[in-house]
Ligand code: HEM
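Quick setup: one chain, the form predicted alone, written in structure tokens, and binding and motion questions come after.
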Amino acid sequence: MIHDRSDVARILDDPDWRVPEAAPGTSPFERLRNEASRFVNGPAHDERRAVLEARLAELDPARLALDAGALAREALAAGVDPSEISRRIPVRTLAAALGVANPESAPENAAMLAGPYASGIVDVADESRVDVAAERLVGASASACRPELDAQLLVQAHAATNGLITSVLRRAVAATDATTAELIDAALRDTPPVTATRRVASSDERSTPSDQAPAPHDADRLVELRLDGPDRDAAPGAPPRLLAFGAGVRRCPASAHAVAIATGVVDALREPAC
């Protein structure tokens, strides 16, 4: 495990450090992971990443913020608990913007997949429900080109955006005068909703972490990279670097969209009750 953000950033910027790839499989859940950009390297990743970026370029973050806020206010007026709003509205907003069929059902399907998605490990008791959720989420995509990538966006938005909103609202209790943008910046820097990612060191890596981080020399050594650790380069007036969305060529392509949706929801939930 590597903790210091300076070492983590160096590794994330180094193409010799690969992501762990999805194991082959034929179930709906396994096919989703096999076709995602997150669990593949090399030209396959580059091609899928280009499709993702083109898909996201069609979405206006400002519009997402407005839509998320409107849905959150509607839910509040209906008596929905704020915690449920922060859990459901981000995925529902993104699903509607992507043209997903029946976007109201997308949050539950994404929630079912979010747990095992990163590791690929599914409890035997949950296998059938996970496969059904994957089949529904992929099948609902409006994209004729790699619908699994739409599903990837929704699954990855579930826990991360919900976690960001929850962290921001917690901070808002003690900082009532802070703007939502200020609270989001602080939350992303200090308590990122995704706290770690993983990489595999290749045998021919051209660069290694500094002396203060482990320098693996064995091929296929898996390391965990903390995104919320200390930063030895930090100094007064220079806060720790922000790694909540990763870094390098695999940096989250939807960071602006996630922040916009979180802003819309948080603004709605911070409004004084009438």
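Keep in mind that what you see is a predicted model, and the values were worked out from it rather than measured. In case it trips you up, residue 1 is the first one in the sequence shown, and so on.
Unshown form predicted together with the ligand; subsequent notes refer to it.
- Listed residues Ala75, Ala172, Ala186, Val194 were compared with the ligand in the predicted bound form; Val194 is the one with a heavy atom within 4.5 Å.
- Among Arg226, His45, Arg31, Arg55, the residue placing a heavy atom within 4.5 Å of the ligand in the predicted bound form is His45.
- Partner proximity in the predicted bound form, defined as non-hydrogen atoms within 4.5 angstroms of the ligand, places exactly one of 23-31, 242-250, 228-236, 65-73 at the interface: 242-250.
- Taken together, the three residues Ser37, Leu153 and Ala157 all lie with some non-hydrogen atom within 4.5 angstroms of the ligand in the predicted bound form.
- Contact check for Ala258: a heavy atom falls within 4.5 Å of the ligand in the predicted bound form.
- Within this chain, Thr161 lines the site of the ligand in the predicted bound form, having a heavy atom no more than 4.5 Å away.
- At a distance threshold of 4.5 angstroms between non-hydrogen atoms, Ala254 is in contact with the ligand in the predicted bound form.
- The ligand in the predicted bound form comes within 4.5 Å of a heavy atom belonging to Leu94.
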